[in-house]
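Take a look at this single chain, the form predicted alone, given in structure tokens.
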Amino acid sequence: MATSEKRQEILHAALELIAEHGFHGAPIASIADRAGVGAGTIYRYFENKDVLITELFRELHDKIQMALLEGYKTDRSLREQFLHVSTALLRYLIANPLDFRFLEQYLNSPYGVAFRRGRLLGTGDDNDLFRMLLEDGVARQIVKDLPLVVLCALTIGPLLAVSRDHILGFIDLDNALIMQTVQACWDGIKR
């Protein structure tokens, strides 16, 4: 197995175990067993479990950003851009339930506090598409003049909630319901 393949196997094993059992239920020994490597091998790629978890988050975050940008056009109206990004996020999350379950745990744990703080206070990734759209919308008086944390709660929060409910089998997010959901998020923030 090549070096990059082994690293990916370790990350995938960590993803599965954390999604199934949480951070504490995924010790390095279990991740190594699931990946089919020795525990010492993990430390060749990751200094410790915290680094492994952070790297896994970064990889998933990058995959999501790529999904959001697929077909994204900056020459569209703010509403159309918002609907595109929201739809892409919702589709990604329901198509990747392991990723969603990991991300939900990560973002609601001490691991995710710095990321969320950067996103919500505007000190994080300058390429955060949701933040840029919301801030642009407020500046152009298209979106309600509310704190970014409230706008994110009104937009991303419902997308996460319905993704969770779809994954748990409480609802079936077909194309029509996805479009209605993202439109309702837009309706909640537009002026």
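Bear in mind that the values here come from a model prediction, so they are computed numbers and not experimental data. When you see a residue number, it is the position in the sequence shown, counting from 1.
Below, we turn to the form predicted in complex with a further copy of the same chain, even though it does not appear here.
Chemist: Does the 4.5 Å heavy atom contact test between residue 187 and a further copy of the same chain in the model of the complex come out positive?
Modeler: Yes.
Chemist: Is the gap between residue 145 and a further copy of the same chain in the model of the complex 4.5 Å or less for some heavy atom pair?
Modeler: Yes, contact at 4.5 Å.
Chemist: Check residue 134 for me: does it contact a further copy of the same chain in the model of the complex (non-hydrogen atoms, 4.5 angstroms)?
Modeler: So residue 134 does not count as contacting a further copy of the same chain.
Chemist: Under a 4.5 Å heavy atom criterion, is residue 108 part of the interface with a further copy of the same chain in the model of the complex?
Modeler: Although a further copy of the same chain is absent here, residue 108 would touch it in the model of the complex, with heavy atoms inside 4.5 Å.
Chemist: Could you spot which one of 29, 150, 139, 66 gets a heavy atom to within 4.5 Å of a further copy of the same chain in the model of the complex?
Modeler: Only one option qualifies, and that one is 150.
Chemist: Heavy atom within 4.5 Å of a further copy of the same chain in the model of the complex: which of 50, 62, 33, 165?
Modeler: The residue from 50, 62, 33, 165 that makes the contact is 165.
Chemist: Counting only non-hydrogen atoms and a 4.5 Å cut-off, give the residues of 8-26 close to a further copy of the same chain in the model of the complex.
Modeler: Residue within 4.5 Å: 24, and no other.
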